[in-house]
Structures are given as structure tokens and as C-alpha cells.
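The chain below stands alone and is given in C-alpha cells; this is the form predicted alone.
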């Protein structure tokens, strides 16, 4: 089972994912992130230090957030990713679109 925590601080939101970033988590996070963006959030950090895996819906969520932020001059950063998730991001070349940092 995955849980997420969203901490907002001014124009920044930090999302900590514990478990897998899958379709169920993406479905839960999408409206919360949209609300944060509508409220003026311009920087989003995803902490995947405790994420076991990221599926296609999780990747889709990251891309959607990145695109929304980019259109507003904002930034997305993904940090503390495992070696396996880093390899996935590199294979999909996501690390060329937004910063991805390993654990």
C-alpha cells in the first residue's frame, strides 16, 4: 500500500511517496496537485526515496506536472530515486526534461 504526503510552503510543494507511484496514487495526487498549481505553486519536488516502483501512470503524472509547471515558468524536480527508477527515467529520457537525483 502506498501513501503520499504533500507539504506546501509558499510557492513550493513537496510530495513524499511511500510505496509505489502507481495508477492509484496518481489518481489520488492529480486533483491535489492541480489545486496547488491553481493556487500559485511554481515548484514541485517529488521525493521518491521510499518508492519501490513507478508505473506508466506515475510517469504520466510526472510529465503532466512538468508540462503544467513549464507553461507557468515553474519547475519539477524528482529526488532520492533508486538505481532501478533512475535507469527507467534515463531510458525514457525524462532526466533531460527535469532534474532527477539519485539516492
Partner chain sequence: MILATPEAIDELRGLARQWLEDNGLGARRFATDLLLCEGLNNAMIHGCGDDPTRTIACELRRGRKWFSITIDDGGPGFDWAARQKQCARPQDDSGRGLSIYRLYADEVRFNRPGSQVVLRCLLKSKSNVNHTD
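Positions refer to the first chain, counted from 1. This structure is a prediction, so every number in the text was calculated from the model and none was measured.
FYI, the form predicted in complex with its partner chain isn't displayed, but the following is about it.
Put simply, residue 13 is far from its partner chain in the predicted complex: not one heavy atom of it is within 4.5 Å. For the chain shown alone, residue 54 is a contact residue for its partner chain in the predicted complex, at least one non-hydrogen atom being within 4.5 angstroms.
When contacts are judged by a 4.5 Å heavy atom cut-off, residue 30 counts as touching its partner chain in the predicted complex. Among heavy atoms of residue 38, none comes within 4.5 Å of its partner chain in the predicted complex. Although its partner chain is not shown here, in the predicted complex the stretch 76-103 places heavy atoms of 84, 85, 87, 88, 91, 92, 97 within 4.5 Å of it, in sequence order.
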